[in-house]
Structures are given as structure tokens and as C-alpha cells.
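This document opens with one chain alone, in C-alpha cells, the form predicted alone.
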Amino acid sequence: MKTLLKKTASLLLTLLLTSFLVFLAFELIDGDPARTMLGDQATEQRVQALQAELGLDKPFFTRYIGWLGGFVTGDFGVSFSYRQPVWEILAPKLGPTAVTGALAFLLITVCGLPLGLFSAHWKHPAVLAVRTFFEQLIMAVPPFVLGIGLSWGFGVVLHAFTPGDFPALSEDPLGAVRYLFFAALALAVPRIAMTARMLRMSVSGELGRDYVRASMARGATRRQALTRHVLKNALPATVAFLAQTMAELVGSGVIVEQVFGVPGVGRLLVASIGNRDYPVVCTVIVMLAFFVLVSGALADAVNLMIDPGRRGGKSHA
């Protein structure tokens, strides 16, 4: 119970600090939201009037406390650019982003883990050389570059989808999922290679341990030693890596959404930063930070479920 309270307090403190730093960044960087909205030709009188309307004439801490109080109660404020409540703008963007992330994570898990296990048995020098070459090559490709290639190959050449013509999830769910699959694939491919490499290294390291040799000396086959003992100690590090991958998908997804023209949270965030629309930016970043922190907490919980003995930081047979 004490550990849970500490983790909750740490999460809340991190979110508070994140929101404050984002708010402070908008205070320090050049650019006035009111002047951005009205344009450079606007008179000073009109700029000041809009600043008063948006509350920008108030002191920094007054604005921050006001925004924070509203956020805690579920009122995320009103967008400067759209003149609508932030939640009304953000809610329709969550679906495409969530589906893309879920598809990418599913691909990473379903493909990365089996590849990692199988490749741990490949010992032939020629196979190792080819595997290492392609592994490094795939991991080095940025998701947005892969996204451009997939968009051209499957969209322009093969006509599997129409780039830039995203069908709404509510109107054509299957068409939207098919469209988002290629964006998810661009996110997933480099991380499939990373996940396979992580699990392979963990498994290979455990296979050389004394407890594995002792188990095999007692009559256990290599497969039995792998399933009974090795995976128990190798999986927690991979699970933690997958949790980290979930967090990284958020950042990469922003660029990939731009490449595929997906009307998701990433595109909204980029546009709002350019418009100095801090009610939207602060809300989105705090929500993303919450997702990242919760992913890490879930990874810790899963690690303990897989191997309670790791609570003390030790592996065992």
C-alpha cells in the first residue's frame, strides 16, 4: 500500500511539473497567441482587446493556476484557434491515434517476440552475419522514412489505400483500420527488430547461466530449460522494453500522422504549437505524459507478476 501511494504521488508530481514546464515554455518563447490569431497587420488596440478576452493580460501564475484548476476538474479550457472547448476538439482525434498505436504495439508484440525466440537458436556464422546486417539496417530506418516508402508503395503503386484520404472511423471503420494499418506498420517495423534483438540477447545470456546447464544435466532438453526457466528471467527486461516502446510510439506517431495525413492527436499538437494555442498543447502533453507514466507502472506490475522474485532485483532459476 505504501509503495502504491509513493508511485501515485510520484506520478502526480511528474504531471504537475510537466504542465508547469509546458506553460512556462509558452511564456518564454517568442510569439503572442493574440497577434498570431489576428496577423501582423492587426492594430495594437485589437491585440490588447483579444489578449484581455483570452485572459492573456493576467499574470503568469494566475493563468497557470486557473488552467490547472480547470484541468483537475475536467475543464480543459477553450482553444484560442478554434474558439471551442479543448475536449470537443481533442475527442475526435483520439480514435485514429489510439487505433494506430494499438495496431503498432500488436505488430511489435506478435512479430518481435517470436522472432527473438527463434533467432536465439540461429548459431551458424552466415546466418548470424545476415541477421545482424538486416537487423541494423531496419533499426536505422526512421519511421517517417519508412512511412513515405509505404505510402508510395502501397498507396500510389498498389492502391491499397488512398494517401491523404482518411475515411472517418465512425463512417467506415474497416476502411479506417486498413488505412491506419500502414501508418502502424511504419511505426512497428524498426521496433520489431529492436524487440527481437532485446529478447534474443536476454535469452542468449540466460542460456549460458549455471542454472540452465544444471537443469540440462538433470535431463531437461534445451526447449524445456527455455520454457521452464530461461523465459522467466528473460521476459521482464523485454516487457520493460515494450513499455518503453509504447512511450516512444507517441513521439514517432506525431511525425507518421503527418506523413499519412491521419487526423490524430499528433497533427493537432503540431498545429496548436504553431498557433501558440497553449490550452490545447498543455492538455495534450499532460495526457501523453500520463500515458507514458502509466505504461511504465504497468510494466513494473507485469514484471512482478511474471517473476515476483525480481522485487529484490535478483533473478533465479
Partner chain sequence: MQRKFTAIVLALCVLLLTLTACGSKGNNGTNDGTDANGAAARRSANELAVGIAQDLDESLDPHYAVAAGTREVMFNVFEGLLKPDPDGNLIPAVAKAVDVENDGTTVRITLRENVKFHNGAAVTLRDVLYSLDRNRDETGGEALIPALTAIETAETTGENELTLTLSEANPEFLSYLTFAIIPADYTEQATAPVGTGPYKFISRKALDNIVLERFDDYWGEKAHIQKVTYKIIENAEGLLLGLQSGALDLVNHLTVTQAASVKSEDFEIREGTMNLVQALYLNNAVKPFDDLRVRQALCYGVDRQKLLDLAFDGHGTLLGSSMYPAFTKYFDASLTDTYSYDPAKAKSLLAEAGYPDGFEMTVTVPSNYQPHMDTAEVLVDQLGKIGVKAKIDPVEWGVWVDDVYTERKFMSTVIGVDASSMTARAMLERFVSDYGKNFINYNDPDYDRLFAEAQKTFDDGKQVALYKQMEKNLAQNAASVYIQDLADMVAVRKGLTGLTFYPVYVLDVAALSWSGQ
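Just so it is clear, the structure is predicted and the values come from calculations on it, not from any experiment. Numbering follows the first chain given and starts at 1.
Here the subject shifts to the form predicted in complex with its partner chain, a form of this protein not shown in this document.
- Among heavy atoms of Leu54, none comes within 4.5 Å of its partner chain in the predicted bound form.
- Within 4.5 Å of any heavy atom of its partner chain in the predicted bound form lies no heavy atom of Val284.
- Using a 4.5 angstroms limit between non-hydrogen atoms, Thr62 is distant from its partner chain in the predicted bound form.
- Under a 4.5 angstroms non-hydrogen atom cutoff, its partner chain in the predicted bound form lacks Gly66 among its neighbouring residues.
- Checked against its partner chain in the predicted bound form, the candidates Ala237, Val189, Leu117, Met246 yield a single residue with a heavy atom inside 4.5 Å, and that residue is Leu117.
- Put simply, of Ala176, Leu207, Leu107, Ile138 only one has a heavy atom within 4.5 Å of its partner chain in the predicted bound form, and it is Leu107.
- Contacts between stretch 69-103 and its partner chain, counted in the predicted bound form as any heavy atom lying within 4.5 Å, involve Ser81, Tyr82, Arg83, Gln84, Ile89, Lys93, Leu103, listed in sequence order.
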